[in-house]
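As structure tokens, one chain now follows by itself in the form predicted on its own.
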Amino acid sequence: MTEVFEERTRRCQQRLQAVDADGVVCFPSTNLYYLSGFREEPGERHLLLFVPAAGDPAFVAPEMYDEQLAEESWVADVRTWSDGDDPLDLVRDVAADLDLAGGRLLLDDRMWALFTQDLRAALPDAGFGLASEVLEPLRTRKDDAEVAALRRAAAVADDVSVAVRELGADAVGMTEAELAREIESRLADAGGEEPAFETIVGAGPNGAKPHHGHGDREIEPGDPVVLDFGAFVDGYPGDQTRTVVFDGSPPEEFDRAHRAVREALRAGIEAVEPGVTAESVDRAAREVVESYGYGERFVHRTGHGVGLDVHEGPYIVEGNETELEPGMVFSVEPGVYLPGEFGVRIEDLVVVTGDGCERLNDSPRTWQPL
């Protein structure tokens, strides 16, 4: 596996040279893992990966990470500092050794302000930009191993979607929070490592809030319930949404709104193929929703890329003229939200193939109980 991370770093260096940048600096994030193979959560200590446009990268890290980095990362040059040291002295040394002190450095987009300010202070002659300039084009195209992990994560979400739908009338009377815990328990039992994001269970009028999360409202007969969940599998997330009615008769308008969203989902997915733009997929889905008269109630983009981060490029939104390429993975998730009444969202993940796309999710999309 080590060679995968080194290969990614070398491709990153090629892109650095193409955009006339001298190096990338990452801190604990998915970018750092993508290049080095070392995974860690952000903390208050300076743990930075310097990747020059040519030559080998180097870590600046607290000495407590010395053994972990040796075991988990392919990067051999690890410079450590102790809690009694000023880490910026080591930053200056590494930047000088890698000929980066006066260059154009691209910083991890999610680097905390504490560290960006320290880098600016330590390297006053350097210029700064964002690492996404070189890393986003690399990360948006998944390799075979990444797609395989995303397939496994999608399968876990599918299995749990079916199992939860089978609760039927037994789900009535549960609170949103109780059902969310049930979903997360089933995700773990099905092979998920941890939830990919806060599980959404939006019952009745709460479903009209696209990022409601879950609360203490009890699910009632006839409630449309938006279920949006997924789990990480081998480091990659599932992300699927279904809108269901567990028991009883839904509001009169619900079936029409649900049909509009199902047809928009199909239109969006059918629009996916290499060479078309991200915004054209958004437009294909949105035009269907508009034809039903719900255009103003489709209040978010049609989709987002999925990879090491649940939300990453490419974003499927008007104005994004990025052309789709094989290996890109993203969601297609149109929605209709009627405030005070209900919401509908249906979401599948797709991977762009040589002549169209592969749908990664395959659980039922209708609203009726199984």
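So that there is no doubt, residue numbering starts at 1 and follows the sequence shown. Note that this is a predicted model, so its numbers are computed, not measured.
Below, we turn to the form predicted in complex with a further copy of the same chain, even though it does not appear here.
Using a 4.5 angstroms threshold between heavy atoms, Glu63 counts as touching a further copy of the same chain in the model of the complex. In the model of the complex, Arg259 stays away from a further copy of the same chain, with no heavy atom inside 4.5 Å. Interface membership of Pro274, defined by any non-hydrogen atom within 4.5 Å of a further copy of the same chain in the model of the complex, is ruled out. Shown alone here, Gly55 lies farther than 4.5 Å from a further copy of the same chain in the model of the complex, counting heavy atoms only. Considering a further copy of the same chain in the model of the complex, the lone stretch of 153-161, 237-245, 88-96, 115-123 in range is 115-123 [heavy atom distance within 4.5 Å]. Only one of Gly215, Pro251, Gly173, Gly129 lies close to a further copy of the same chain in the model of the complex, with a heavy atom inside 4.5 Å, and it is Gly129.
Residue-level contacts in the model of the complex: of Ala76, Ala148, Val299, Ala169, one residue has a heavy atom within 4.5 Å of a further copy of the same chain, and it is Val299. Each of Arg45, Arg110 and Pro339 places at least one heavy atom within 4.5 Å of a further copy of the same chain in the model of the complex. Residues of 293-321 that come within 4.5 Å of a further copy of the same chain in the model of the complex, judged by any heavy atom, are Val299, His300, Arg301, His311, Tyr315, Val317, Glu318 in sequence order.
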